[in-house]
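Take a look at this single chain, the form predicted on its own, given in structure tokens.
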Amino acid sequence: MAEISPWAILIAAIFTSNILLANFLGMCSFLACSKQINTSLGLGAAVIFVMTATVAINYGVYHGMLVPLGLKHLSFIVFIAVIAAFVQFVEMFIERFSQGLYHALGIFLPLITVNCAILGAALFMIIRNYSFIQSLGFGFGAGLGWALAILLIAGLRKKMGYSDIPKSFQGVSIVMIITGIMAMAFMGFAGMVRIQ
């Protein structure tokens, strides 16, 4: 993957290959925490930070320890352990410095540990054979893309609060429909660059 610039990977991870809208990874926290814009913004920032940092750490662990020792088959377990430890650090930091955000995110902050988008970013980095700089661009871009998607849906959900939505479409139903429409809108960027 040496021919793709890290900037192209970053832009593609945000728009054309959005980890949420193209791969549908990280949907559980996306659906649950997108009711309020402030909560979505806080969770989006946490996902950006965790995804960027864990992709960088997992790159180092994979290429510095697992590959030389012939332990590539343990990558899933090791990646999950790194993500869990890092999320614990972020949770303690948010609890210490932003009690309001900590309580607003509630149980969904520790659930970032099992957010499949974060594990997916680490696995895509290995599958696509990215360099370290490309991995950083992808991790940051994927986090930004996820945060952009959750902020967009939070804004739309706030606007839908003033709409007369039929009872059968209220709640998760309308959110899934709008998420599908957003995914189709993001497909309009597909001609820019592809990283798959």
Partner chain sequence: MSDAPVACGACEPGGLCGGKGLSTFKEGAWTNNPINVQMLGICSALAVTGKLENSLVMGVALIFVCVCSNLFISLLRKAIPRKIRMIAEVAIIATFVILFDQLLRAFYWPMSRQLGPYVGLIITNCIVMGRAEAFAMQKPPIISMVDGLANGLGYAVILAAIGIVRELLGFGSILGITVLSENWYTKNQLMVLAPGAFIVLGFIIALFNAMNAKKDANDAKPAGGH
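Since we're looking at a predicted model, the values are computed, not measured. Positions refer to the first chain, counted from 1.
One more form of this protein exists, namely the form predicted in complex with the partner chain; it is left out here, but the text below deals with it.
Chemist: Thinking of the partner chain in the predicted complex, which stretch from 164 to 172, 49 to 57, 33 to 41, 130 to 138 has heavy atoms inside 4.5 Å of it?
Modeler: Answer to the contact question: 164 to 172.
Chemist: So in the predicted complex, is the partner chain close enough to Val90 to count as touching (4.5 Å, heavy atoms)?
Modeler: Answer no; every heavy atom of Val90 is more than 4.5 Å from the partner chain in the predicted complex.
Chemist: Counting only non-hydrogen atoms and a 4.5 angstroms cut-off, does Gly188 reach the partner chain in the predicted complex?
Modeler: Contact with the partner chain, no.
Chemist: Consider Phe97 of the chain shown here, and say whether it contacts the partner chain in the predicted complex, taking contact as heavy atoms within 4.5 Å.
Modeler: No, Phe97 is distant from the partner.
Chemist: Residue-level contact is defined here as any heavy atom of the residue lying within 4.5 Å of the partner chain in the predicted complex; does Thr179 satisfy this criterion?
Modeler: The answer is yes: Thr179 has a heavy atom within 4.5 Å of the partner chain.
Chemist: Using heavy atoms and a 4.5 Å cut-off, decide whether Phe24, Leu119 and Met184 all contact the partner chain in the predicted complex.
Modeler: Every listed residue reaches the partner chain in the predicted complex, so yes.
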